[in-house]
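The chain that follows stands alone, in the form predicted alone, written as structure tokens.
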């Protein structure tokens, strides 16, 4: 455990030195929160457009932000592999689980900090726009967003293990786009319906958004919350297991 914590500490320090991490993981989601809230004020109430209202938007932006944490996870792992940093550590007593946990722990911490900052920003926007947000939902979503964070971080760990530092960002950008579009972050997937909704329902991203939005609104119905949380949690477990296996196999291949 001590080896894992030491490695996690090193990774956290590396991430804290990256200015782009602050921009994409913190500043950019907040900017999108503000911009989409301004857009919402420009939409006539008669249109019945609720996606950009802060109680819906904040949950979507939370998932949107987690995709960028995934991106930086992949970059960190791929960079460590390309600089032979990991090759030197392979000679140490560290095991594959020490490496994977050492990458996951600081990223989960960053995701929690990201969620806290976004919820505080949502409170400010809600106060300005006159929309009431429930404090209990804002606090609870910080905890219940962890399964989706683990899912995205595991995807980042998989790509970082398989790809180099040049190709990993490009491939991860596809997941960022898919997570945003097919997750219904900036459009009403249920309202659109048809083939698009069927595709969204086959992937975990929309369920992540549903969990976040339902939690913030304190809507705990089975279809919108319970079922979605179960799917996200099972997907997170499966992706985490796959990430460990992928890193372990890559570790043996690199040695």
Partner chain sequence: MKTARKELEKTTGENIKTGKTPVRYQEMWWTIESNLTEKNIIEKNIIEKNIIEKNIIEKNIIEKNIIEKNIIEKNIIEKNIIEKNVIEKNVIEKNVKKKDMEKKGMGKMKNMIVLENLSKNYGVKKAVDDINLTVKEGEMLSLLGVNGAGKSTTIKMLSCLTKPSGGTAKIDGRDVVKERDRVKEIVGISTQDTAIARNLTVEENLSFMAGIYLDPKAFDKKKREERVEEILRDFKLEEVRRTKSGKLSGGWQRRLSIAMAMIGNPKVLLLDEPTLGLDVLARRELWREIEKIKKNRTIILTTHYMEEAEALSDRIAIMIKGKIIMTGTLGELEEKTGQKGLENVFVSVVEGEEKHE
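Residue numbers count along the first chain shown, from 1. Just so it is clear, the model here is predicted, and its values are computed rather than measured.
This protein has a second form, the form predicted in complex with its partner chain, left out of what is shown; the following refers to that one.
- Just one of 127, 88, 166, 134 comes within 4.5 Å of its partner chain in the predicted bound form, counting any heavy atom, and that one is 88.
- By the 4.5 Å heavy atom rule, the three marked residues 53, 227 and 231 all fail to count as contacting its partner chain in the predicted bound form.
- Contact between residue 3 and its partner chain in the predicted bound form is found at the 4.5 Å heavy atom cutoff.
- A residue is said to contact a partner when one of its heavy atoms sits within 4.5 Å of a partner heavy atom; residue 92 meets this definition for its partner chain in the predicted bound form.
- At least one heavy atom of residue 84 is located within 4.5 Å of its partner chain in the predicted bound form.
- Shown alone here, residue 13 lies within 4.5 Å of its partner chain in the predicted bound form, counting heavy atoms only.
- With the partner left out here, its partner chain still marks one of 94-102, 154-162, 173-181, 109-117 in the predicted bound form; by a 4.5 Å heavy atom cut-off that stretch is 94-102.
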